[in-house]
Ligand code: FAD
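Single chain ahead, written as structure tokens, the form predicted alone.
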């Protein structure tokens, strides 16, 4: 069943692995390739040799979802441990909780307001003259008022995206919660956790099937084989040789910090102040609270964001207005490309959380299998 087809899956991250597994379970043989020397893409995790800490090699990845099917799927391949993301921010020498909640508001303004008092206070702070915010900046001013916006969002956004907040869409900020209680759980989703043995082991588990061949250190461009179908999770513009231009991405640089004991007492500390060159520091043993106390040493990373060059790893699609025309041209070509399905964060030029990535991969596999029956 299906074994007569030659199928290639470009990319051994969650998108590629899930599609490969779904097809393999139905009898299809697939070749999964990745130009890196490891699986799991930007979710790759490995133990740091000096400290023993499980390090998220390409920055922190926290699993959170409201999708029961996706939660059940990831639990099939690894043990998910309880983990709540509680982010802190150092602003002008003081530490606050994020997302902005009642504690943040009271601490920032030196008050002791009740939820209703805080709501009324934020309304009085917010810019009432902005009816329909178009930009990130306008959304921030209407959302929390100038003082909170400047303290927590303006500088951080400039560093993260490298552009004026007035040029970014309001939708980016609309995703962030504002709470009038003391809940500092960064996410609202009912299912949240961290894999006990890291993400790479989960992805390797998904790929562990007799019908799946995995070839690492192998680029799509280097293949000289023909395939009946390709699932492509690499950069959309790269597939077409960047022949009409490059889409814009941000990339990240990480500067390690090694210390004895506990460096910052929390997993993630944001630094929104514009004069601080990095965006945040992540201390990775705190992503595994069940084992954090067992490590005598610690490792943390300062995170710097910049525009992605030709030889850099693309992290975040910027999706500026001037990218829209180029993206639409590539999307039109992708839609007309026979025998190729473009999936994942890079293949669709969208920022996707892990749960959405897995959910979409399951759907893509399901649709492909259904089309073979038709």
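These figures come from a predicted structure and were not determined experimentally. Positions refer to the first chain, counted from 1.
Although it is not shown, the form predicted together with the named molecule is what the next lines describe.
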Worksheet item: Residues in which of 23 to 31, 322 to 330, 304 to 312, 57 to 65 have heavy atoms within 4.5 Å of the named molecule in the predicted complex?
Response: 57 to 65
Practice prompt. Could you tell me if all three of 83, 182 and 286 have a heavy atom no more than 4.5 Å from the named molecule in the predicted complex?
Written response: no
Worksheet item: Taking the shortest heavy atom distance, is residue 232 within 4.5 Å of the named molecule in the predicted complex?
Response: yes
Item to complete: Decide whether residue 362 counts as a contact residue for the named molecule in the predicted complex under a heavy atom distance cut-off of 4.5 Å.
Response: no
Discussion item. Contact with the named molecule in the predicted complex for residue 142, defined as at least one heavy atom pair within 4.5 Å: yes or no?
Written reply: no
Discussion item. In the predicted complex, is there a heavy atom of the named molecule that lies within 4.5 Å of any heavy atom of residue 201, even though the partner is absent here?
Written reply: no
Fill in: Selected contact from 70, 334, 43, 318, since only one has a non-hydrogen atom within 4.5 angstroms of the named molecule in the predicted complex
43
Worksheet item: If you look in the predicted complex, which residues in 338 to 363 sit within 4.5 Å of the named molecule (heavy atoms)?
Response: 344, 345, 346, 351, 352, 353, 354, 355, 357
